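A single chain, nothing else alongside it, follows as C-alpha cells in the form predicted alone.
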C-alpha cells in the first residue's frame, strides 16, 4: 500500500503569540513551530498501516521554519520518503493549502492520503475534503482507525456521543484522522540527528496559493477581563456580595 501523509506546522502554543506591526498576522520572528497534533495521529496511523501491509510511506509539508526538523522526525519514526514543498507562497486557509497539497499528491502514486482532521488555527475540518475534491477521490473524516479490506480500506468514523461506524471505501481515498490506534511513537533525538546527517530532504516546486478566498483585515489579541478574586471563606464571599448590593 502506498501511503501519503500531509503534515502542517503550527506555532508552538506554549509560546507567547503576538501580532506583528501590520496588525494582520502573527509576529513569527521568535516563534517556534511544531507539528499539528492531529497530523501526528495521522502519521502514527499511516505507520501502523505501512507495517501491516509492508507498504511505502511518504510525508509532505510546506517549507518554513522548523519544517526540516519535522520531516526528519517523521523519517526517524519510519517514513520512507519526505517531500518539502518550496516556493508555494503563503496559503490562505485550507483552500489554498489543499490546492498546493493536491497538486503534489496528484503526481505521486498513492492508495491512501491521511491528514489531521483539524488544527488549532483552523478548526473547520475541511482540509481533507478539499484535497479529496480536487483529486476527485472519496473522503471520510473524523477517522479513528484504518485497516486494509478487500479492494480498499476499512474505516472507523466517530460521530457525536461516541458512536462509531465502520465503512469500506475504495482507494485511492483521503481520510481525516481524529485519533490513532495508539499514541504517536517517540523518535529519539539521536536517531533524528542520524537521519539529518545521512539523508537529504527531497524538494518539489509548489504552485502559488489561491489568495482570493479571503483577506485578513485585522488581528488582535483576545480581550482580557478584570481578573478573578480568590476568596478564602464564606465570610469574604458575603462581604463581596454586600459590596455589590446583591444582599
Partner chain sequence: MTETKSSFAPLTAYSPRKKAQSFVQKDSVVIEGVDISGQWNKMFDAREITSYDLTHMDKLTAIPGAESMGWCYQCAQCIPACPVDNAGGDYGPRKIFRRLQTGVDIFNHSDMWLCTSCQNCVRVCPKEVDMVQIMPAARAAAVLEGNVPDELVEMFQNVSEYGNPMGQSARKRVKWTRGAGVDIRILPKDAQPVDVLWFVGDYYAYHDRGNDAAQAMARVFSRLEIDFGILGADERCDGDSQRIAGEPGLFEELARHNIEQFEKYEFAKIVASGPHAYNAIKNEYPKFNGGSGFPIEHYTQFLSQHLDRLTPLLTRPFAKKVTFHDPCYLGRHNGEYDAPRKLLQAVPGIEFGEMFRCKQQGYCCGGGGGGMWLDGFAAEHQTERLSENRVKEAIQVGAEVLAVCCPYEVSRFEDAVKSTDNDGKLEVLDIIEILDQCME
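Positions refer to the first chain, counted from 1. Computed from a predicted model, the values in this text were never measured in an experiment.
Quick note: we don't show the form predicted in complex with its partner chain, though the next part is all about it.
Only one of the listed residues (206, 184, 55, 64) places a non-hydrogen atom within 4.5 angstroms of its partner chain in the model of the complex, and that residue is 184. Heavy atoms within 4.5 Å of its partner chain in the model of the complex are found in one stretch of 56 to 64, 216 to 224, 198 to 206, 31 to 39, which is 31 to 39. Its partner chain is not drawn, but in the model of the complex it has no heavy atom within 4.5 Å of residue 21. Contact check for residue 15: a heavy atom falls within 4.5 Å of its partner chain in the model of the complex.
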